[in-house]
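What follows is a single chain, given as structure tokens, in the form predicted on its own.
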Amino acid sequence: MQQIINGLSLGSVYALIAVGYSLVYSILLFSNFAHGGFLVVGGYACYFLLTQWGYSVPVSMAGALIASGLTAIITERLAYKPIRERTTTTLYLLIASMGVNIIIENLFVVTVGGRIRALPQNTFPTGIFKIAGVTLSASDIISLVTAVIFLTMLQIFLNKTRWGLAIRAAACDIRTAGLMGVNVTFLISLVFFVAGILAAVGGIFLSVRYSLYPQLGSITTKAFIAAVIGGLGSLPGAVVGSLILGLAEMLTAGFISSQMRDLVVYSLLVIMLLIRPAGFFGKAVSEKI
């Protein structure tokens, strides 16, 4: 039971990041590997707002979400939009996203250094609770509740608002959505802003769980695997895949060995690609990168 709780907590953080991956993929049909860079921007923005400028935790987190969201929009406008205007081959977008991720990492290395930092201890409550023999930390509970709140808000936004309807229409056919009057350029920026916000939330929780450093975004590889298992482009699939991955990691660490965690994760990915390449909820497409 203890490992299940830990797995759900870790899976909820993966879900926030994986949904960002899937959201961009559903519109542009490419995997944005700069997503890890947005996560790092969110983590460092929260850190400096807390430690250097002395803002409160809520204000610092809000600033981190905005910083990461704006970084995602700027990345899309400067790196992806010029490519989209020249070619429909999404492979070039994938390659560009890898380059952007490396650029963001190295910008932090050059400007703030590569040393490991930690968010202040009072960022989240540090209490420990014992219920029926199961130990729950306050940060685990907060990460679970936060993930549920953000994913619920995203679901409401997509299902109840005009721009949510436009995003769903673009996910079916972005060219037709444009012909029907949707401002595609603004819609894509909006999608990237939302994805950046979700990455920042994940970055803050990962900074608390593992510490903060410029290469922290590499952890998003696990979230990407979760999105693939659930089905790239499917938001429910990203959540389900993330929870499966979180549980698999924690159960492996608890009952076998923590050194076997990555082996199990990548084995799950290979098995899924062999059995069901589109994932649990994904749609088969001619090109998936």
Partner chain sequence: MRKFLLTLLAISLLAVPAFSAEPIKIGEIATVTGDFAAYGVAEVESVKIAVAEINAAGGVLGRPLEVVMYDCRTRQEDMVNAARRLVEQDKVVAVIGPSGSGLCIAAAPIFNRGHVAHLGTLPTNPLVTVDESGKVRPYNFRICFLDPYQGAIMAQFSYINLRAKKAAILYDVSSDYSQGQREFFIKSFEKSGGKIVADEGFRGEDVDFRSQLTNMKDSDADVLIFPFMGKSLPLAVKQARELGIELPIVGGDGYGDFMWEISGNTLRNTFWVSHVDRYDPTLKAFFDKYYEETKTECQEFMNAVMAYDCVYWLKDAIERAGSTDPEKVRDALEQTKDLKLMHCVLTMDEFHNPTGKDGVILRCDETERKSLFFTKIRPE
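Numbering follows the first chain given and starts at 1. Because the structure is predicted, anything quoted here is derived from the model rather than measured.
This next part talks about the form predicted in complex with the partner chain, which is not shown.
Which pick from Arg86, Arg175, Arg162, Arg115 sits with a heavy atom within 4.5 Å of the partner chain in the model of the complex? Selected option: Arg115.
Of Met250, Leu28, Leu65, Val240, which one comes within 4.5 Å of the partner chain in the model of the complex, counting heavy atoms only? So the residue touching the partner chain in the model of the complex, by this definition, is Met250.
Just checking whether Thr111 would be counted as a contact of the partner chain in the model of the complex - the rule being heavy atoms within 4.5 angstroms. Flag for Thr111 set to no.
4.5 Å heavy atom contact, Gly254 and the partner chain in the model of the complex: The answer is yes: Gly254 has a heavy atom within 4.5 Å of the partner chain.
My question is simply whether Tyr213 lines the interface with the partner chain in the model of the complex - judged by any non-hydrogen atom within 4.5 Å. Judged by the heavy-atom cut-off of 4.5 Å, Tyr213 is in contact with the partner chain in the model of the complex.
Even though the partner isn't displayed, in the model of the complex is Ser137 close enough to the partner chain, meaning a heavy atom within 4.5 Å? Ser137: contacts the partner chain in the model of the complex.
Which one of these stretches, 213 to 221, 195 to 203, 147 to 155, 74 to 82, sits within 4.5 Å of the partner chain in the model of the complex when only heavy atoms are counted? Of the options, only 213 to 221 has residues within 4.5 Å of the partner.
Pick out the residues of 252 to 280 whose heavy atoms come within 4.5 Å of the partner chain in the model of the complex. If the 4.5 Å heavy-atom criterion is applied to the partner chain in the model of the complex, 252 to 280 yields Ala253, Gly254, Ser258, Gln259, Arg261, Asp262.
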